[in-house]
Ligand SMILES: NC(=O)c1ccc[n+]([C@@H]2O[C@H](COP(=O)([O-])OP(=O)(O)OC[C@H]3O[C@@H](n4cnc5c(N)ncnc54)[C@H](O)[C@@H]3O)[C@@H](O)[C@H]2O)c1
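Here's a solo chain for you in structure tokens, the form predicted alone.
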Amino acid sequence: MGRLEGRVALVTGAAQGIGAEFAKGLAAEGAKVAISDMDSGQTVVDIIKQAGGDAIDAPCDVSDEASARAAVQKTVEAFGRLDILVNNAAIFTMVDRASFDEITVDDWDRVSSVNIKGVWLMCKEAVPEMRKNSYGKIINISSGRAFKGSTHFLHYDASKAAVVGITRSLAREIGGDNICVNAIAPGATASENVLKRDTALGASMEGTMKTRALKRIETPEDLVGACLFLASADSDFITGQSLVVDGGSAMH
């Protein structure tokens, strides 16, 4: 029996990349999984079902309150409950790096709308369902950049630092409901969209690799173990924490 047998998870940004690996990993441990993304998650749903798991496609724009509510409602209607929320959806590859004084207000607001407001909205909709069972696991995805101090991506870095703040404050606020709130902070990861944007992985990926204690490229699969740990009973007395998974680039 898997560690998550009987549990229900909703993963945002799960139609591809890191989110898809989280969803498949959760399903492999027995969880029923809702794939929530602006793009269709049916391919991931099919992969999970072919492997013997159970999943649904629950489309969602995390920056829209009604859409976030609908995704949670569809999950509960399909599976009867919600135990695990993985806030993975974020704007990253669609945003160009720039000096802080060259970032436009529109770009700043676009990143914040998904990466900050989206996390808050999904928590706002999911927590009432978790409270019904006096149990829940919320896993927010931050970034190792928030712990290192990096240049030319301030709107993204600020949004991921905000995720750490949300994680800590929300953990305090809903700990009495037996809901754990933690974060994973990945390093630069060779996900689908990153590879599409930079097929050679480029100087930036190589430069990041040199800062790591473990000298290799990070893949989406490297993050799944941390997600499963934080989603399972193994971490029932851990909350408000941020686990950096980046091969030892940022150490704190």
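Note that residue numbering follows the sequence shown and begins at 1. Computed from a prediction, not measured in an experiment: that's the story for all the values here.
Not pictured, yet referred to below: the form predicted together with this ligand.
Picking from 93-101, 75-83, 169-177, 126-134 the stretch near this ligand in the predicted complex, with a 4.5 Å limit on heavy atoms, gives 93-101. Put simply, A71 is far from this ligand in the predicted complex: not one heavy atom of it is within 4.5 Å. Taking the partner from the other structure, this ligand in the predicted complex has no heavy atom within 4.5 Å of any heavy atom of D222.
For the chain shown alone, I116 is not a contact residue for this ligand in the predicted complex, no non-hydrogen atom being within 4.5 angstroms. Not displayed here, this ligand is approached by P186 to within 4.5 Å at the level of heavy atoms in the predicted complex. Only one of the listed residues (A28, I217, I47, M38) places a non-hydrogen atom within 4.5 angstroms of this ligand in the predicted complex, and that residue is M38. Along 45-65, a non-hydrogen atom within 4.5 Å of this ligand in the predicted complex is carried by C60, D61, V62, S63, in order along the sequence.
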